[in-house]
Ligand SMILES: C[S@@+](CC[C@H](N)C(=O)[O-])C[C@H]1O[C@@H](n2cnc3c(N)ncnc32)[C@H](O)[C@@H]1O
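Okay, so here's just one chain, in C-alpha cells, the form predicted on its own.
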Amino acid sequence: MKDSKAFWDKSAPRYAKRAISDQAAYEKKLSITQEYLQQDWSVLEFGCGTGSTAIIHSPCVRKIVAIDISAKMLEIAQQKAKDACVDNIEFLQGTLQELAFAPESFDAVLGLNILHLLENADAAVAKVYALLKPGGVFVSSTALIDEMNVALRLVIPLMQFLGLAPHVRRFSKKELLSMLTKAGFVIDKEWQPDKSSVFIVAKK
C-alpha cells in the first residue's frame, strides 16, 4: 500500500495534465452513469484521482464522498472543485477498507479505472456491496489486461520494475463478471468501448 501511495503521489501532477485518451467513450460513460443517478442520492467514488468525474456528476446528486490513497491527487481534486464552485463533494484520503462507512449508506458507488489496480479487488467488490443500499448501483470501468495486445502485456512487468507502472491485476471480462455476480450483484448494463476495457453497471 505504501508503494501505491508513493507511486500515485509522484504521478499526480503528470496525471492531472494527461488528456483523456478517448473523449467520446468517456462522455458515453458519463451519460450512462447519469441515467442512474438521482438528485437525492448519496454517492461514493473510490480511486477518485484528481476529481474530474466526481465534479461532473456533482450536480446530479445530493452528495459525493470521493476517496483516494494519494494526498497529492486529492490536493489537485480539492482545488479543481473549489475553482468549479462545487461544494457537495467531500474528499477523503484512504481506501475502502481503511475508511469507516456505515453499511448500506450509499445509493451508488463509482469505481472507475481502479479495480485492476487493487491488490485485493474481490474484497473491494464485497465492501462495495455492503456499502450500497438495496437497489443501489455499482458503476465500474476496468482495464482487461489479459485482452490487451501481447507487446503491452509483456512490457508492464518491466515498467513496474522501473517504477513506471503500479500494481495491476490481469482480469479477463469473464473473471470480472464472475467476481461481481459472486458478490451478489446483478449486471444491469455492460458496454465495451474496445476489447481491452469494459464498463459495467451492477445492481445490488
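Predicted, not measured: the structure shown is a model, and the values here were computed from it. Position 1 is the first residue in the sequence shown; the rest follow in order.
Missing here is the form predicted in complex with the ligand; even so, the following discussion is about that form.
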Inset, instruction - Determine whether any heavy atom of F199 comes within 4.5 Å of a heavy atom of the ligand in the predicted complex, and answer yes or no. - result: no
Legend entry - Touches the ligand in the predicted complex: T142 (any heavy atom, 4.5 Å): no
Inset, instruction - Using the partner position in the predicted complex, report whether G136 sits within 4.5 Å of the ligand, counting heavy atoms only. - result: no
Inset, instruction - With heavy atoms only and a cut-off of 4.5 Å, decide whether N113 touches the ligand in the predicted complex. - result: yes
Inset, instruction - Could you spot which one of V61, L177, I55, I69 gets a heavy atom to within 4.5 Å of the ligand in the predicted complex? - result: I69
Inset, instruction - Have a look at 128-136, 101-109, 70-78, 83-91 and name the one stretch with heavy atoms inside 4.5 Å of the ligand in the predicted complex. - result: 70-78
Legend entry - the ligand in the predicted complex - contacting residues of 35-55, heavy atom within 4.5 Å: E45, G47, C48, G49
